[in-house]
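Just the one chain here, the form predicted on its own, laid out as structure tokens.
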Amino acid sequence: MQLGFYFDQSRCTGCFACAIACKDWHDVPAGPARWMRLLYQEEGKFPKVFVSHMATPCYHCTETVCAYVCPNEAITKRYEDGIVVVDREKCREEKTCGIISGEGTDLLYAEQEAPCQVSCPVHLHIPAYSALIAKGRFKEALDLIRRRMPLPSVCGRVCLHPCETECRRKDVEEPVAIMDLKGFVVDNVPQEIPDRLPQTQPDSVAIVGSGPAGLAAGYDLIRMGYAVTVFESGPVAGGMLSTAIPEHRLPREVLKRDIDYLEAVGIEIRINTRVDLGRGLDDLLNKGYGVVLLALGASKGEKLDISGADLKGTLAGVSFMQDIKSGKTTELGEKVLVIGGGNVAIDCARSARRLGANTVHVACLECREDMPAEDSEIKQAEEEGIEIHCSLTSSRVLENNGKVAGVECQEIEGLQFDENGQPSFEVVKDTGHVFDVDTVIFAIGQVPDLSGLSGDIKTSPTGTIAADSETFVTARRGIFSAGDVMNGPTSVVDAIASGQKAAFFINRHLQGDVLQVQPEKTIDPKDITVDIPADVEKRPRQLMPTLPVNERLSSFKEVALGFSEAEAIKEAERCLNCAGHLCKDACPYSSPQFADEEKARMQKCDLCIERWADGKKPICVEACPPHALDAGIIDELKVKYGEVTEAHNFNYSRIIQPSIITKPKQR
């Protein structure tokens, strides 16, 4: 038997009698904590205003993911009636659940976030999915990751993982291998093709570009109920993910796994379909698309403006990588110099070694500590025989019969970058050095290809699309922009976050919402004080197994081999759970709440289990004047009201099924 709720949105008037009665009955103090919440939603402009409400108690899910992550085992699901019960005496008792100091902040316990989550551009619930991995609940961990991450396979391999930079485990020994844990669960949970999501909104959105920003925006928009079509000019989806990142870092089948999932939920991706950035945008808007999002990326490689930069034997880094991925024959000498210090530069250098170059150098402006490339990639490059030269500027390419004969470089100091990313530095006198090479690969950055862009869409001095930094809207109504085409070259995870923000404002635009968004409370992760217990046992970080060096250079096989199950669990157990409230983060409905009290304990609907013995319904049901609520055995409620599990502006998890049926209010 499973007890559950019924909620009729069409009857609810938003009087909040249920929430007030709930607080009173359970003696919950006034303030933010309550056992039942009532969410208010308003859409549209006067006089066509649509208002709906949604009751959100605990829904006593069939799979209690909250119970898996609770460190104190305070949450259990009763077999006899399916009620999820919280033992408030155990909650936050023996085992630590939150070690962030509350001093100097007005945030309540449940509002605090771990430094890793704050620093993650897409705001993943990192401690919660780490806790699930530590308990061996790999599928539940992947489900949690997918709530915010459209490309988990990709970001389990090529993310810059700023979360690890801020992980407080580094104050004990080393940060948790957060990216590698994400990659582990994606690789070790069988791919289940999800059902197509229904279109519940009348509008459609066109997205130009299928890179991380475009796919992220599409993922959020389709879950909001919009129809989404992505237009990709190339033969495969993924943008630079598919055309420029080498196989040894991101295999094709890994990217395809993520894209297959996105297509299954309903995103239509049209490959080999180039959109004219002039008349083509007019055509899309005239065909009924309510919004066009430009997420073209930045795919044109740049070269330094120095003598000899156009000689035979000079290449642009992005073009070089694109030729490799497309199978084109690339003329490469035996001695190669790559100019640049980012991941593209390291990719080019490692690819050159795999293509047969005997000597490969990398020269960059930055010092070793400030190189933007990932430390693990630099280390692997050095293992493969690539020499890294830091704090150097390249002044000219030497010529011999029209071909590259070397590169002249000089040492620099005082390096700084302005707001547009342009460097300034001083050259150290008498430090000239010539690299004896026959091939030069420039990997110093990329710019968008905006050929034919409509004149009413403005561009910035750096060659990107100019859009409002808050709303992502361009100078032309109905045209938005996101990702590298707007921000310049960034990381994959930053592009994903940009696409998600664009989706948020596209939704507001299509709903006719003209009110400004109140800024969210923001905090620098470095300002978060974590009180690490003195008795924390030191545990070394699990090292990522890699392909032996002698096997790497003969192919483009993936170098990182992935954690074993035992290694992943050991690594996940190292998480300190800085913020606590794992139950709230893991719950797909954010039901658990915490009172404003000393060592706050969970407030969670228990379906008024003490009233059932007397033949009474929960207090909220009794208190509801318009009879919008009911409770009982879930199968009997389905017979009485019909098996409806839809609510306006409320997304039920398709993974964790709640014990509730809902009659939605019609828009």
Partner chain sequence: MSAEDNSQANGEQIVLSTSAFDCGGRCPLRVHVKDGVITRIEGDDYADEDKQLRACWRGRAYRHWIYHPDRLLYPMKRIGERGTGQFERVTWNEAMDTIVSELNRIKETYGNGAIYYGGGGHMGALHTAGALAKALAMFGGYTAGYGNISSEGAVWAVQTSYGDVMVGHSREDLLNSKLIIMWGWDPVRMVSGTDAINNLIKAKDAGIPIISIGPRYEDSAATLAAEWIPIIPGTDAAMMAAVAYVIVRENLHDQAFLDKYTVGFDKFKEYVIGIEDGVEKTPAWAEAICGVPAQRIADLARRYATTKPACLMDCQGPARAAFGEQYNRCAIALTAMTGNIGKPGGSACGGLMGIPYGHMFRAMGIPGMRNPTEAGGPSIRGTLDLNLRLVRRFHVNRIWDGFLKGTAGGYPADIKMAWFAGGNALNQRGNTNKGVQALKSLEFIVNQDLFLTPTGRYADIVLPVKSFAEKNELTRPWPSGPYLCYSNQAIEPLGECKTDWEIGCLLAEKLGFKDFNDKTEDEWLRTFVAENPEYQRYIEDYDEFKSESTHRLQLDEPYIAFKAQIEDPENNPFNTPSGKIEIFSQRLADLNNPLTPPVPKYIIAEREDRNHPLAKRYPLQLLSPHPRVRVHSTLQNVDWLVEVDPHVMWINPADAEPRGIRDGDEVYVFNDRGKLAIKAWVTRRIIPGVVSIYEGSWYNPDEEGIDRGGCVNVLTDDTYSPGGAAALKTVLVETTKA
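Rigid core here is just the name for the largest C-alpha set that superposes within 1.5 Å across the two forms. Everything numeric here is computed off the predicted structure, so don't read it as measured data. Positions refer to the first chain, counted from 1.
Beyond what is shown, the protein has a form predicted together with its partner chain; the following relates to that form.
For the three marked residues, F16, R34 and Q511, a heavy atom of each sits within 4.5 Å of its partner chain in the predicted complex. By the criterion of a heavy atom within 4.5 Å, P519 is counted among the residues contacting its partner chain in the predicted complex. Of the heavy atoms in I609, none are within 4.5 Å of its partner chain in the predicted complex. Its partner chain is not drawn, but in the predicted complex it has a heavy atom within 4.5 Å of E42. At a distance threshold of 4.5 angstroms between non-hydrogen atoms, E622 is in contact with its partner chain in the predicted complex. Partner contacts here mean any heavy atom within 4.5 Å of its partner chain in the predicted complex, and among 631-639, 64-72, 601-609, 45-53 they occur only in 45-53. Counting a residue when any of its non-hydrogen atoms is within 4.5 Å of its partner chain in the predicted complex, the hits in 13-29 run T13, G14, C15, F16, A17, I20, A21, K23, D24, W25, D27, V28, P29.
When the rigid core is held fixed, the Cα atom of K45 travels 2 angstroms or more between this form and the one not shown.
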